[in-house]
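Just the one chain here, the form predicted on its own, laid out as structure tokens.
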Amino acid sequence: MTPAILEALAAARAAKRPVALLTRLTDGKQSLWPDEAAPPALAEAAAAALRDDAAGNVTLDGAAWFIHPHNPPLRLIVVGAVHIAQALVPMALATGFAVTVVDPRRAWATTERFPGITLIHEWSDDAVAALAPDSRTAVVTLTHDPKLDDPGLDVALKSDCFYIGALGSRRTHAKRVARLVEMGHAETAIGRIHAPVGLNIAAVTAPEIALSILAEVIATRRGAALARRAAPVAAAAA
């Protein structure tokens, strides 16, 4: 690997930007996609490797290539150190997410309730902005309190995060949409928010709701059809 490639990889890592290292096995020539253009079939294979987090060999037009994805870490930012969050956090960790819990209420966001988890006791807008959500980040708001949820959603909507979810019923979300419009967000942008949060599995208990949320996060990340919905479906009561 040349010094130039190493430097480019380090820069992509620092910027939390996904890139794929393409190595032509016949002569060892390397390049980074999408920083450098690649033939359509090779670019498609590189995009698939990044999406699936899977390295592998491909042969295209008689040339053998090794594709090595270099993705930023998967992250989940949870706003609200509530009971659902207590169930969601270990599930997210088990599926490869680095988790941060944001809640200015120190009585809720404690190491006893969230052992080993990064806790931020700041208001959600400052905390989420400092965490700089990228295309490998999911943001979920669970407090059911506009003073805590809305500022975090405001920042998330201005980011490239791949998933935004918010707890609450359809009626709660309609009021939330009105507030976000007043904050300057277009309704098309607000449509990025999955609300009520979670897949519709008729979840009732905190662990069931947490499961529905994580399933929707993963489905969205993988591009599964069940994550695309024309209208909100209830996963939790108001």
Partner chain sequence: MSDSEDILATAAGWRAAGETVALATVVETWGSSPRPAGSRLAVSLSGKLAGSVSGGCIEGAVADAAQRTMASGAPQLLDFGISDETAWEVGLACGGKLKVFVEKLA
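The term rigid core refers to the maximal set of C-alpha atoms that superpose within 1.5 Å between the two forms. Positions refer to the first chain, counted from 1. Fair warning: this is a prediction, and the values are worked out from it, not measured in the lab.
There is also a form predicted in complex with the partner chain; it is not shown, and the following applies to it.
J.: To test your reading of this chain, name the stretch in 126-134, 145-153, 104-112, 91-99 whose heavy atoms come within 4.5 Å of the partner chain in the predicted bound form.
T.: Every other range fails; the passing one is 91-99.
J.: Can you check whether Gln30 is within 4.5 Å of the partner chain in the predicted bound form, heavy atom basis?
T.: Output for Gln30 is yes: heavy atoms within 4.5 Å of the partner chain.
J.: Can any non-hydrogen atom of Ala215 be found within 4.5 angstroms of the partner chain in the predicted bound form?
T.: Because no heavy atom of Ala215 falls inside 4.5 Å of the partner chain in the predicted bound form, the answer is no.
J.: Using a 4.5 angstroms cut-off on non-hydrogen atoms, would Ala227 count as touching the partner chain in the predicted bound form?
T.: Ala227: no, not in contact with the partner chain in the predicted bound form.
J.: Is there a heavy atom of Thr220 lying 4.5 Å or less from a heavy atom of the partner chain in the predicted bound form?
T.: No, Thr220 is distant from the partner.
J.: For the three residues Phe162, Pro207 and Leu211, verify that every one has a non-hydrogen atom within 4.5 Å of the partner chain in the predicted bound form; reply yes or no.
T.: Not a single listed residue reaches the partner chain in the predicted bound form, so no.
J.: Counting non-hydrogen atoms within 4.5 angstroms of the partner chain in the predicted bound form, say which of Arg192, His70, Arg51, Lys175 makes the cut.
T.: Answer to the contact question: His70.
J.: Taking 4.5 Å between heavy atoms as the contact cutoff, choose which of Val181, Ala63, Ala55, Ala41 touches the partner chain in the predicted bound form.
T.: None of the other options qualify; the answer is Ala55.
J.: For the heavy atom contacts within 4.5 Å of the partner chain in the predicted bound form, list the residues of 6-20 involved, in sequence order.
T.: Leu6, Leu9, Arg13, in sequence order.
J.: Given a superposition on the rigid core, I'd like a yes or no on whether Leu32 shifts its C-alpha by 2 Å or more between the shown form and the other one.
T.: Leu32: C-alpha displaced by 2 Å or more between the shown form and the other one.
J.: When the rigid core is used for the superposition, does Thr188 move between the shown form and the other one (threshold: C-alpha shift of 2 Å or more)?
T.: For Thr188, whose C-alpha is compared between the shown form and the other one after core superposition, the shift is less than 2 Å.
J.: Having a change of 3 Å or more in the C-alpha distance between Ala132 and Ala10, I'd like to know whether it is closer or farther in the predicted bound form than in the form here.
T.: Ala132 and Ala10 sit farther apart in the predicted bound form.
J.: Once you account for a change of 3 Å or more, let me know if Val155 and Ala12 sit closer or farther in the predicted bound form, using their C-alpha atoms.
T.: Result: farther.
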